[in-house]
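The data below hold one chain only, encoded as structure tokens and taken in the form predicted on its own.
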């Protein structure tokens, strides 16, 4: 009887230790997954444009860390794809993004009425101006997310190919 109680107690202690070890290892695993998502999210342009098919950059980062294609972020372009490949150690995927030129918004000055709706929707503050004044796009900050195009009531914004100076 004493031997049975001793073995039962020993089994209970081992089960408790295994349960604690499992919880500790699971929390470390979740923490490392979060770090990968954070690192992927930091490489994305943060335009929250949803052109990738996800509602924003963070959900796309979560999907990428779970195996989603790396080339769905059009504003990020080929440079972002290359950085993601380096970060995640993935082989080169056929890149749909690499075939399209980098786009930036351009305001057609003679048509702009100064409504400032484009300024309000730009997620990266790439449009300078004020209400009732002409606006300008800071091309080096524009990600080409296209969010300003439908916001313009007079259709004075177009997307054009751009190469950095």
Partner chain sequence: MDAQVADFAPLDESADADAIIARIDAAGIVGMGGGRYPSARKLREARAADVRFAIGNGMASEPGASADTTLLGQHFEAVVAGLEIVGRCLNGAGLALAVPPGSKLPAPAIEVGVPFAGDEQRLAAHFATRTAPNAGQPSDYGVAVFNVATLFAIFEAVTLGRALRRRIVSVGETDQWLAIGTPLAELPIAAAGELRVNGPLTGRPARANAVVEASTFSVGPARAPADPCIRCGWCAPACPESLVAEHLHDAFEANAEAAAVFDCIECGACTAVCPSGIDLVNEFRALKEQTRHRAALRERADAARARSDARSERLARQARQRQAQRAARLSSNHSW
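Everything numeric here is computed off the predicted structure, so don't read it as measured data. Numbering follows the first chain given and starts at 1.
This next part talks about the form predicted in complex with the partner chain, which is not shown.
Taking non-hydrogen atoms only, residue 120 approaches the partner chain to within 4.5 angstroms in the model of the complex. Contact check for residue 134: no non-hydrogen atom falls within 4.5 Å of the partner chain in the model of the complex. In the model of the complex, residue 142 approaches the partner chain with a heavy atom inside 4.5 Å.
In the model of the complex, at least one heavy atom of residue 124 sits within 4.5 Å of a heavy atom of the partner chain. Taking 70, 107, 44, 49 one by one, only a single residue has any non-hydrogen atom within 4.5 Å of the partner chain in the model of the complex, and it is 44. Contacts of stretch 68 to 85 with the partner chain in the model of the complex, defined by any heavy atom lying within 4.5 Å, are made by 79, 83, listed in sequence order.
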